[in-house]
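Encoded as structure tokens, the following chain is the form predicted on its own, with no partner shown.
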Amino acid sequence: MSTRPPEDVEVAVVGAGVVGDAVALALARRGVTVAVLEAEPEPALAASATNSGILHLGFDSVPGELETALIARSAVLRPSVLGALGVPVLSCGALVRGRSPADREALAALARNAARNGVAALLEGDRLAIPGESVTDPVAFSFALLGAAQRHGAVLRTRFRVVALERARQGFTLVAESGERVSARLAVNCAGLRADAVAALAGDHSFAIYPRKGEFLVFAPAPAQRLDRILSPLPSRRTRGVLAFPTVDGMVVAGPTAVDQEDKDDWSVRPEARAEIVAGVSGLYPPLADAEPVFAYAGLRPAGRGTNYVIGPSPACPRLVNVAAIRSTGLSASLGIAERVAELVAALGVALGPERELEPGPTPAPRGSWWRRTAEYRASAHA
């Protein structure tokens, strides 16, 4: 049992992935006292560290949906935030390729969709160019947001797996598995794969999260074979398909797959994943057809059952704000999500001051390559 005294804050953010980190920064910059509660020993060890690192603009998102609006808003906010925090970004653009002349109408429809979403796109025969797409190091992105939040006064508590939400007249006491306690007026549930479990602690069973596994292969290309842009097939209603894209550290990654599963702790790469990925990407980027990957990793996207982008006060407990079912676009939409959550927090009675300038300062550097970090951590944890 921990003897550490309880924290007393205005807002407790459950989860230190990229969305939770962005929310913490948005609130701390406005003078709100914030505690970030992370179940793992370090931030960003789940979906935030096992995605593609692509910063989407929403060219293929459904017009009018909340997800699309928050991706677009993030694209406006992102340059100044990432520039101030020194987050690495590779502005490489993306190219969507059709497989046959029959795909030209689908590409034209995608170009029209991009225009409706305010995304610049150029149709060139059997391919569609989106010059504004980019890639980043998603772990560095997460760490930079959290480091900035801490410089603005936010407190991070790791190994704080929330197992109880005790209601009080003024808010909650959040109780960790270890016995540690944090008192807060409001709680923001950014727990990713476990967001439904956190909501259930408050009697909220309004949504369910399941893991959609995305597997990736990492290649170390020869200088002449380095990729200079994101290559994508035509997206389907269910998935964007298998992509090939460069990383900020000079690698090429191919993926992801899209495998729906039930086990939220199965981060393994399936034996058949390599053949599936190579078959999907070899037509986009032939050099990968016979190349040997140097690493493979899997991410679990927190998909909602029959729902997407659950952002708002819990119907069972208004002082709990759910930010759930953010699936694969959380990295791209994180800053827009954070801005929206700050508005919700203000509407629930927490006073927000004027937004302060981002304070420069050192950010703890995550160890090793971002694409290795979670896989190696989970392998060591289960050794």
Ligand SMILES: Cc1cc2nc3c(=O)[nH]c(=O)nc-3n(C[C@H](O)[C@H](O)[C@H](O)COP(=O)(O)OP(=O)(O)OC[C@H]3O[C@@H](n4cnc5c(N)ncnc54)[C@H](O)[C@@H]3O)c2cc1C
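Note that residue numbering follows the sequence shown and begins at 1. Being a predicted model, the structure only gives us computed values, none of them experimental.
Quick note: we don't show the form predicted in complex with this ligand, though the next part is all about it.
Taking the partner from the other structure, this ligand in the predicted complex has a heavy atom within 4.5 Å of a heavy atom of residue 327. Taking non-hydrogen atoms only, residue 301 approaches this ligand to within 4.5 angstroms in the predicted complex. The closest heavy atom approach of residue 214 to this ligand in the predicted complex falls within 4.5 Å. Contact check for residue 322: every heavy atom lies farther than 4.5 Å from this ligand in the predicted complex.
Proximity to this ligand in the predicted complex, taken as heavy atoms within 4.5 Å, picks out 160 to 168 from the listed stretches 108 to 116, 87 to 95, 122 to 130, 160 to 168. Of the candidates 274, 185, 194, 181, 194 is the one whose heavy atoms come within 4.5 Å of this ligand in the predicted complex; the others do not.
Interface residue among 28, 345, 47, 70, judged by heavy atoms within 4.5 Å of this ligand in the predicted complex: 47. Contacts to this ligand in the predicted complex (heavy atom within 4.5 Å) from stretch 11 to 34: 14, 15, 16, 17, 18, 19, 20.
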